[in-house]
Structure formats: structure tokens, C-alpha cells
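Just one chain follows, in the form predicted on its own, and it is written as C-alpha cells.
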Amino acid sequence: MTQTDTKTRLLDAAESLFSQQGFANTSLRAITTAAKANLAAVNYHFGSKEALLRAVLERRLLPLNQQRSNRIDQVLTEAVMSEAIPGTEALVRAFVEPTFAFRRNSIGSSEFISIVGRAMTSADPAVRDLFLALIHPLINKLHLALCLALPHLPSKLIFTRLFFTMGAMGHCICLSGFSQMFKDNSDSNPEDDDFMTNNLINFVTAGLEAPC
């Protein structure tokens, strides 16, 4: 058994247990037992429980952030080439579409989404603060791009509306599996990614572009 195998098993076990029990309620012993590893393996590969948490989040979030960053760069480049301001809808799409694709296609996405969902509603700030630190550069980049797209609006107002956008997107992402909430409305299905993605983009674009 290779060191890489052990490290991956620890990451998988931690991700699963953090999603089920939360970070604070998950012991290193529970993680190592699930991973069929010894306690020393955590210190060897990660150094601490907090460092293991960072590795769990980075494994899913950094590639997703890079996809979204690349899409934003593409929108900005196309705007420069056409000598126009970037489109709000295009920037929102660059941020939202990879997120829904991640939920739909990525291994471990449901566990990761559960971890982040817990973090945003938990009194324990460990996961929340780390998640926010990891996503901050991307949010800052999107905010600056939206300021270019909406030069007539104050930067602070755009950031506030971006905060609303994050909340709406997070709510939609976490709705997976809750179709019973919509059983009396056949036109609404939170598990239809195209429906949810396009309507979320239209909704938040209108909100971002609304007058002061």
C-alpha cells in the first residue's frame, strides 16, 4: 500500500465524516479508523486535524475556483477585444455554470457541498473561515469584473448584491434531493440543472443590474 493510497483514504474518510458529523464532532480516531490507517498517518501526511480540513476543502474547491476564474478571464478578454464593457450576464454565467457542473459531475461533490453547508450555519467557525479564505480571491476578482460591467453603480452596492448572489446560488446548490418541496408545482424542479442554472442566472443578473 503506497503513501498516496493512505493519503487519499484519509482525505476520503475525513470528507465523508465531516459532511455527516461536522468538523468539530469528528475525531481523528474516527477518521483513521474509517481510512484503515493509524493516527501517526494524519500527522505524517497533514500535520494536524485543521491541516487535514484544509486539504479536504482545497482538493475540491481549488480546481473549481480555477475553472470559474478562467471563465471570468475569458469574458474580460472578449470584452477588451470587442472594445466593450463585459456583460453582467456573461460574468454571472462564468461563476454559476461551473458550480452546477461540479455538483452534477464531480466525485465527492455531495459531501463537499454538505461540509460547506454545515459551515455556513454552524457556530463553529473553523470550516467557515477557511472556506471564505479560500474563496476570497475569486469573489474579489468577480467583484472587480462586475464593477467594470456596471460602472454606474457604487462598488459597495455591487459587492452587497454579489453577497446576495452567493446566498441564492448556495441555496440552489443545496436543494439537490429536496424535490418533494416542489411536488405541487410541476414547473419547478430543483434537480433539473438546466432549469435551475438558467433561471438563477437570469434572476441574479436582474438583481445586479437593478437601479440604485
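Position 1 is the first residue in the sequence shown; the rest follow in order. Definition used throughout: the rigid core is the maximal C-alpha set that superposes within 1.5 Å between two forms. Everything numeric here is computed off the predicted structure, so don't read it as measured data.
Just so it is clear, the following notes concern the form predicted in complex with the DNA, a form of the same protein that is not shown.
J.: Can you pick the stretch from 26-34, 151-159, 164-172, 59-67 whose heavy atoms fall within 4.5 Å of the DNA in the predicted complex?
T.: Result for this chain: 26-34.
J.: Find out whether any non-hydrogen atom of Thr6 is located within 4.5 angstroms of the DNA in the predicted complex, and reply yes or no.
T.: Yes - in the predicted complex, heavy atoms of Thr6 and the DNA come within 4.5 Å of each other.
J.: Leu39 near the DNA in the predicted complex, any heavy atom under 4.5 Å?
T.: Taking the distances in the predicted complex, the answer for Leu39 is yes, it comes within 4.5 Å of the DNA.
J.: Mark His45 yes when one of its heavy atoms lies within 4.5 Å of a heavy atom of the DNA in the predicted complex, and no otherwise.
T.: Contact check for His45: yes, within 4.5 Å of the DNA in the predicted complex.
J.: Any chance Lys49 has a heavy atom within 4.5 Å of the DNA in the predicted complex?
T.: Although the DNA is absent here, Lys49 would touch it in the predicted complex, with heavy atoms inside 4.5 Å.
J.: Please say whether, between the shown form and the other one, the C-alpha of Leu17 moves by 2 Å or more once the core is aligned.
T.: Shift at Leu17: 2 Å or more after core fit.
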